[in-house]
Structure formats: structure tokens, C-alpha cells
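This document starts with one chain, in the form predicted on its own, laid out as C-alpha cells.
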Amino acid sequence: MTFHIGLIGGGNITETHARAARALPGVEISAIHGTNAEKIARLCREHGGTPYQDFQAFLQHRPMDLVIIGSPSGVHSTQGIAAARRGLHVLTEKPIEISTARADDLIEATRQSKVQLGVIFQDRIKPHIRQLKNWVDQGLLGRLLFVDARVKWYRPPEYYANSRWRGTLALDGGGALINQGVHTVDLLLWLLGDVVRVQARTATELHKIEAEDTAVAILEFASGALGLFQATTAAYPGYPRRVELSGSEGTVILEHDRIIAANLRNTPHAAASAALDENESASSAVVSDFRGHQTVLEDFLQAIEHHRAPACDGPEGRRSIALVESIYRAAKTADRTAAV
């Protein structure tokens, strides 16, 4: 079976989607939509497909079985709903949208149209992170007590200045939290379960943007565990994401998506060897190592073929944006606190 894919967007991440698609057998890029004619023409020359600036014309292109959305976050639902209504499966970049209301609209549209909806949270399929998830599920960390998660990245001024949407409330939905930090928000929810209460503070410390470039939150999980979460794009020169998870039976530390310490009372099997993620996420937005996206796409295609849920479906993708909303809400209240 050959899957025909349409790509939406013309930026760096669409290049990543194209390379991921071309790396899989039985996959062809049918069409690419974007607002910049020069960029989408180049993408089509390099990766195949017909270029479209008109979105409705793009949706009518056949053969096409699914779309991958790599456009600004604030248009994911609009574009995804339009694709679903034409019978196309929808795989969208994180976050699923910039609000739970818009996420709900997209989830409902794909349900009504009986098409698959997936959200690209490639961390969920990285070998060491999956190993940690297995250890948590097996109880090797015991009762989870505390997590410290740090996304201390850096983006230069031109990252925002040269973009019409980054750091804007209308299209990005916020700043460092919803864009860079959302991967870690999803990871914390996946590992520790739901959050019931947050305390938070956001600030625009360095960049000339309308949204925050720094966010700090204290998380209270339904399980009783506590968490401290930091996300910034102002920490020059940028440092690898680090997650330290402690339970009653020991502590595991992730750095740059690899387990660098596993100090547990009951020693588990060694973490599976895995090639280092080569993306320089701490200091660059360019996703040059597309293997994570390739695995997510492969899983999504199998979900379509076998009529099962993908690694991160719509409701799962919604969880992170719901927590992001709560953090933003808490940061705006007088006591910096909000229920989730």
C-alpha cells in the first residue's frame, strides 16, 4: 500500500516532515501547501509533490490520504478540520492548538469524519524515554515523589524578529512555555499523570515579544507528587533539557533525552543503547535529525492501516495544552495559583 501525503507549511519543520516521509518505503509526497511560493517550490523540487498557495485547491489534490500540519500553531484546527471534512487523516505538529476549545473542535471534526488524528510528540517514542516510562509503569521507582524539569534554551533575537508568528498570542498562543516547553509538559503528564493544581509565574526577560520568554511553575499531581518546571528561551547559550524524577525507590535523570543516571534500589536492566538525538534544540529551532519525526509518522501510518490509536492521539495531545492554559491562568491571578 502506498500512502500519499500532503504537507502544510513552508518552514523548517515542513522540511523535516518531507525528509521523514521520504525515508519511509511506500510513502509519496503528493502536494505541499504554503504561503511562500518560493519556499514551497523549492520543497517540491527537492522532495516531490505539487506546490499550492491556494489551500482549497491543495485539499482537492488527489491522490492524497493524509496531511501533516507544520503551520503556525494557531491555525492547526482550522486547517485540520478542513482536511478531515475531505476525508483526510490529520497529523499535526505540537501543540495540537493554542487553546483547549480549538483542540476540542479539531478532535470532534476528526471523530465525525472517521479519520485519524495524531499529534507529533516525538519524545514519546525515543528509546531512553520509553525505557523510563516502562520503569515507572513497572513500579521500579516506587511511589513517585518529585520531578524537576528544566528547558533552559536560547533563541537569538532574529528567531522572533524574522517570524510573523513566533512569540505572538494570536498564532503561537504564547512563548517559551507553549512552543519550546510543551514537549516537556507532555512528557511530565505521560510519566506522572494528571496535574490538579499549579502555581506559576511568567515573564518576558530578554526578547522583544508580546508573549513570555520565561516560565516557572510548581505542579501538584493527582498522585501526590510535586514538580518544578522551568522553560525559557533566554538562557544563553542554551542547555540540554534535563528531567530528574525521584520516587520512593530511587531517582532517574534524563538529559538530552538519554538516561544519564538510574540510582534505584532494585537495579533495572540497563537502558537500551540508542543513538544520541543530534538536534541542537537547546540553541536552534532547526530539526536536522528527523528520525524522531520519521518514527512518529511510521506509527501514524500503521495506526491508519490497522485502525488503532496513534502514539499520541487528539485527546492525549489535548492534555498538554490544558495544563499550559492552567499555567498561563495561574500566572495572571493575584496569588499565582490555579486549579487544573
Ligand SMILES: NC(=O)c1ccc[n+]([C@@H]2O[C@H](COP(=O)([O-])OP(=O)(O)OC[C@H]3O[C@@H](n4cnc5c(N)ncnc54)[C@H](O)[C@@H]3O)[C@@H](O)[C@H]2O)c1
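Because the structure is predicted, anything quoted here is derived from the model rather than measured. Sequential numbering from 1, following the sequence displayed.
If you look for the form predicted together with the ligand, you will not find it shown, but the lines that follow are about it.
*Asks:* Only one of Q56, T35, S288, Q302 gets a heavy atom within 4.5 Å of the ligand in the predicted bound form. Which one?
*Replies:* Exactly one listed residue reaches within 4.5 Å, namely T35.
*Asks:* Identify, from the list A330, A20, I13, L323, the residue with a heavy atom within 4.5 Å of the ligand in the predicted bound form.
*Replies:* For this set of options, the contacting one is I13.
*Asks:* Is the gap between V75 and the ligand in the predicted bound form 4.5 Å or less for some heavy atom pair?
*Replies:* Because a heavy atom of V75 falls inside 4.5 Å of the ligand in the predicted bound form, the answer is yes.
*Asks:* Would W165 count as touching the ligand in the predicted bound form under a 4.5 Å heavy atom rule?
*Replies:* Answer yes; at least one heavy atom of W165 falls within 4.5 Å of the ligand in the predicted bound form.
*Asks:* Answer for K39 alone: is it within 4.5 Å of the ligand in the predicted bound form, judged on heavy atom distances?
*Replies:* K39 belongs to the contact set for the ligand.
*Asks:* Just to confirm, G181 within 4.5 Å of the ligand in the predicted bound form by heavy atoms?
*Replies:* No.
*Asks:* Spot the stretch among 197-205, 237-245, 90-98, 137-145 with residues whose non-hydrogen atoms come within 4.5 Å of the ligand in the predicted bound form.
*Replies:* Every other range fails; the passing one is 90-98.
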